[in-house]
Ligand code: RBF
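Here you get one chain, nothing else, as structure tokens; it is the form predicted alone.
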């Protein structure tokens, strides 16, 4: 998502007060995922969602995001899901497998349920890059993920 909430209207084109959102957050790299969650929550509220209509689901790591997203998206009263996680490059190919699986799984949930599911998972080379995208100099990708699902609901 190229834009941020600062570059768009602070309210959605549609009434979000009755829309229900699920935010699925990975515990792994919590110092990154918690600011991402806060960014997504704040973003939804700025755009007009009601706090009582936002559900948080916590999972152990990013690999578990697609399944939890599917559980949430299959609920009739959930309109959109935001997946938030952080995978930092290590010394092995583990990074590549996890990133590809999570991206594919997230997309598959969206297509299966016909609901917006945002991929707010940072895939960075190091912790500093992640911090810069979780409220640092590159903004907050959690906030951008919130904007993404709202824009899809507006379609």
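Residue numbers count along the first chain shown, from 1. None of the values given here were measured: they were computed from a predicted structure.
If you look for the form predicted together with the named molecule, you will not find it shown, but the lines that follow are about it.
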property: 62, 94 and 98 each touching the named molecule in the predicted complex (heavy atom, 4.5 Å); result: yes
property: Options 41-49, 107-115, 125-133, 24-32; stretch whose heavy atom lies within 4.5 Å of the named molecule in the predicted complex; result: 24-32
property: The unique member of 88, 54, 68, 103 whose heavy atoms fall within 4.5 Å of the named molecule in the predicted complex; result: 88
